[in-house]
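Presented as structure tokens, the chain that follows is alone, the form predicted on its own.
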Amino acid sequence: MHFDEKQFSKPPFFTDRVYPFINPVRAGFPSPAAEYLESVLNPTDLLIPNPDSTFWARVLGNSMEDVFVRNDDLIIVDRSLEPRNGHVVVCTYDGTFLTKILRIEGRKRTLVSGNPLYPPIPITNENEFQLWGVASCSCHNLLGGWGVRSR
């Protein structure tokens, strides 16, 4: 049986496909001089600097909506990043996957929600805790209209 190493050099969802790239797209007053196609972009290069240590996750729930991580969003999680105070992390806590903000105060570690309706969760020796990685991006579907304020 022939084994092709190139076939397994990247996970199957990472491709070399590139897309047209416009930089910048203003969110304020338009600038007519800046409206042209600048180049092409490979989304993997932009969003996933460490593909061998990255995975995707789908968010369930509204506990992180104040930090723009919303229900049904896709998040990109990088296991190679060192978690720091204030990072959004993915972890298991007593057997459940969670997305929370890591709060570090001296030796005390707490998982904090991005929604005041959810209380902080202290990380103690009595709880099963494992950090899986740091969320680097949230991909939000704009087609559903969720989060768009009416005017």
Partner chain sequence: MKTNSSFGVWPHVAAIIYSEGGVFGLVDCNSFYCSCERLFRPELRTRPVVVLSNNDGCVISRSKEAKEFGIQMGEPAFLRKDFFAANNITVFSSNYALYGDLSRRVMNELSHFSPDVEVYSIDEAFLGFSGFPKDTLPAIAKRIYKKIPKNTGIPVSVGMGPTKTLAKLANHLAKKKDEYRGIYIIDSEESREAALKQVSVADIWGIGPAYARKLEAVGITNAWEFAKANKHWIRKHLTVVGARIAYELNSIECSSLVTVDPAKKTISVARSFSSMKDTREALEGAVATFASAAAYNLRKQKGYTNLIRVFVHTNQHRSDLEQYGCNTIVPLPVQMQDTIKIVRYALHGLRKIYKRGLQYKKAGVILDQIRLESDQQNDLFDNFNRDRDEKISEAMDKINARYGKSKVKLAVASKQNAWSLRQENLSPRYTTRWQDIPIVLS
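Not measured: the values here are computed from a predicted model. Numbering follows the first chain given and starts at 1.
Below, we turn to the form predicted in complex with the partner chain, even though it does not appear here.
For the candidate set L60, L117, A27, V40, a heavy atom within 4.5 Å of the partner chain in the predicted complex is found for exactly one residue, namely L60. Although the partner is absent from this view, V90 contacts the partner chain in the predicted complex, with a non-hydrogen atom inside 4.5 angstroms. Heavy atoms of E82 reach within 4.5 Å of the partner chain in the predicted complex, making it an interface residue. Within this chain, F68 is remote from the site of the partner chain in the predicted complex, having no heavy atom within 4.5 Å. The partner chain is not drawn, but in the predicted complex it has no heavy atom within 4.5 Å of V112. Contacts between stretch 110-144 and the partner chain, counted in the predicted complex as any heavy atom lying within 4.5 Å, involve E128, Q130, W132, listed in sequence order.
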